[in-house]
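Presented below, as structure tokens, is a lone chain in the form predicted on its own.
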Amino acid sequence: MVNLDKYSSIFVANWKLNGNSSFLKDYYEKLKLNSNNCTIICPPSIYLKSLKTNNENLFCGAQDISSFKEGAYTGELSASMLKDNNVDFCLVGHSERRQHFSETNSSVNSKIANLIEQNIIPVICVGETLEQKDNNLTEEILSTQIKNGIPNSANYKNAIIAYEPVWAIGTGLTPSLDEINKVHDLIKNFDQKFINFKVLYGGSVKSENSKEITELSRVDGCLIGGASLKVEEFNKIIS
């Protein structure tokens, strides 16, 4: 399992349903790593085997995983299959999975447990909608997602939390720096066990705001969506 304490910041690129073989080739030819940071690329699963890694500061991550270990579940990928393909990280509970594929805290919990069992680090996504935020439900929503969605086997050495306010994903909107820091502090203090967890911020992260965000005292890196598809832009973020 990757030693997360080695890195000053962690950056995760979520390519979502984008990319092809020529895109991968061009991307990796232009990618410029910062040796102090951990960089994780999460492509569509069909390209996982094609990704370059160095087992030092560049790693491969999946975008999702099955809540089942094996069986008659057509189209699913198990944690053990990811491990067999040298995948070290996996996104879990992304808001798009919760929204479009009816993913629940219970299924997220099972996925995380399966990943940890295979020594794969889950990047656990949590976040509230704009309606929930406007109704002052941010703390309640995050608390429920974390307490019901994260199994007892998770700890700061084998799991990462990513705060992605749903209303900020792909919209160009972001919370204020103070809001981000306060929510990250809230997450780390839900329970004593979460104090030392790495907590990333995601939601309209780009080169213009990434430096200020990652310099916040309670932020340990970023989960980047659209901006990670432009390698020149991503290079600025991780530099």
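Position 1 is the first residue in the sequence shown; the rest follow in order. This structure is a prediction, so every number in the text was calculated from the model and none was measured.
Missing here is the form predicted together with a small molecule; even so, the following discussion is about that form.
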Query raised in the report: Would E96 sit within 4.5 Å of the small molecule in the predicted bound form, counting heavy atoms only?
Result: yes
Query raised in the report: Are any of the heavy atoms in G61 no more than 4.5 Å from a heavy atom of the small molecule in the predicted bound form?
Result: no
Query - Any non-hydrogen atom of I224 within 4.5 angstroms of the small molecule in the predicted bound form - result: yes
Query raised in the report: Given that the partner is absent here, does P44 sit within 4.5 Å of the small molecule in the predicted bound form, heavy atoms only?
Result: no
Query - Residue stretch of 164-172, 104-112, 127-135, 147-155 approaching the small molecule in the predicted bound form, non-hydrogen atom distance within 4.5 Å - result: 164-172
Query raised in the report: So which of N57, S204, T214, S66 gets a non-hydrogen atom within 4.5 Å of the small molecule in the predicted bound form?
Result: S204
